[in-house]
Ligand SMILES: NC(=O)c1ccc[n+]([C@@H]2O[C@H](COP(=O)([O-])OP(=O)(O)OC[C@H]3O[C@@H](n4cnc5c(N)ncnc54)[C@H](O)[C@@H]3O)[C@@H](O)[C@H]2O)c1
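One chain is shown next in structure tokens, namely the form predicted on its own.
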Amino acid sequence: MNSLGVGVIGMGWMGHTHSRAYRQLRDRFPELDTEVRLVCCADAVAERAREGAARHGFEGHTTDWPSLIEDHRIAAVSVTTPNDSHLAIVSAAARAGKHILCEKPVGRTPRETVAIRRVVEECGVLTLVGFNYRWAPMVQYARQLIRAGYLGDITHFRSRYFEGYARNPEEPVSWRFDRSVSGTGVLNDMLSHTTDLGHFLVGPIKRVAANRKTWIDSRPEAGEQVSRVGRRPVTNEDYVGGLVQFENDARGSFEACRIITGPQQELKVEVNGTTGSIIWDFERMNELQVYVNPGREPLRQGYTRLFSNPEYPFHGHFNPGQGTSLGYEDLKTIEASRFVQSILEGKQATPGVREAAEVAAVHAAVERSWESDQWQEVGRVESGE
């Protein structure tokens, strides 16, 4: 059996998620025929590094991520740190010949993302990016339906990502609210997923018109007694919304908001064509609503609700039951399996850094539209730090 040494940099929630995903591979994807060895985890906070190693069985831990990258036992790394460190870490890993699984949006800014793409392509390493929602079995099946022509010519795409995790004004400030660390707010954090799904399901985006809003402009400093500490300004947006036109002339809309009341994890996409349509919502991840009626027969008006089962991509790796649900972390396990498979085959998989750069180009146009209050073409983004 092959052996693949892996390191994880950043042991917050997402670092633990990646670690669990690697541990699941031998059981869930035995056809990979490889043993993924958790060699080392790194975090700037020593206790988090120690706790991560103990929980997941890493052979070692460190607070010095460059030493992890230099470890000859490690062939691949997961990068799950805040956005402002991605350029340095991914660039160093690529130059050391390590393959890289990086969380979106890859760069803090579109220019950083393009700079990262240039480095990894020059170094010839393989990459995968954490646009994990495209791995949901019903999203995979939706793409199959669209590619097979069941929806006809695509005319509309609508997306929204509503997650009110920050709706409480007394929620302590974190790196996600700081433009110097995160870059944009919900544009990077949330809309990157729906932009990727738009590319995955419909195709390249030609132009956008967008607006933004920050409703809660300051938040308490993080601390044990939040009510007694000062407040810091929020320097990026709570909301982004707008219109989109695809290169195939399909039209649509997009929204993302982190302070909304009501939705919990409403990442929802709707695709309409001349002969059919689909609706998928992450809050009901294991369902897909499908309407296919090429002849407009009156008895076939309305949507059919399909439930995930082993007939659809990847579901059978987790359970044999029809309508027996998969969860969020199963998507990360699928993602890790595609990363490892690409390394074993020596072939670049998707979505890699190239696809992340394509999302970044759309988001650069969104930011230009904020400033101009006009439609903006999606163009080429120049690299730079």
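Not measured: the values here are computed from a predicted model. In case it trips you up, residue 1 is the first one in the sequence shown, and so on.
Same protein, other form: the form predicted together with the named molecule, not shown, and the subject of what follows.
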Check your understanding: Looking at Arg143, Lys104, His99, Arg207, which has any heavy atom no more than 4.5 Å from the named molecule in the model of the complex?
Key -> Lys104
Check your understanding: Considering the named molecule in the model of the complex, which of Thr195, Thr184, Ser308, Thr80 comes within 4.5 Å of it through any heavy atom?
Key -> Thr80
Review point. With the partner left out here, if you bring back the named molecule in the model of the complex, are Phe162, Glu255 and Val378 all within 4.5 Å of it by some heavy atom?
Key: no
Practice item. Choose from 271-279, 197-205, 83-91, 119-127 the stretch whose residues reach within 4.5 Å of the named molecule in the model of the complex, heavy atoms counted. Key: 83-91
Exercise for review: Consider Asn132 of the chain shown here, and say whether it contacts the named molecule in the model of the complex, taking contact as heavy atoms within 4.5 Å.
Suggested key: yes
Practice item. State yes or no: in the model of the complex, is some non-hydrogen atom of Phe339 no more than 4.5 angstroms from a non-hydrogen atom of the named molecule? Key: no
Check your understanding: Given that the partner is absent here, does Val45 sit within 4.5 Å of the named molecule in the model of the complex, heavy atoms only?
Key -> yes
Check your understanding: So, in the model of the complex, is Asp178 in contact with the named molecule at a 4.5 angstroms heavy atom limit?
Key -> no
Review point. Though the partner is not shown here, which residues of 302-341 have a heavy atom within 4.5 Å of the named molecule in the model of the complex?
Key: Tyr328, Lys332
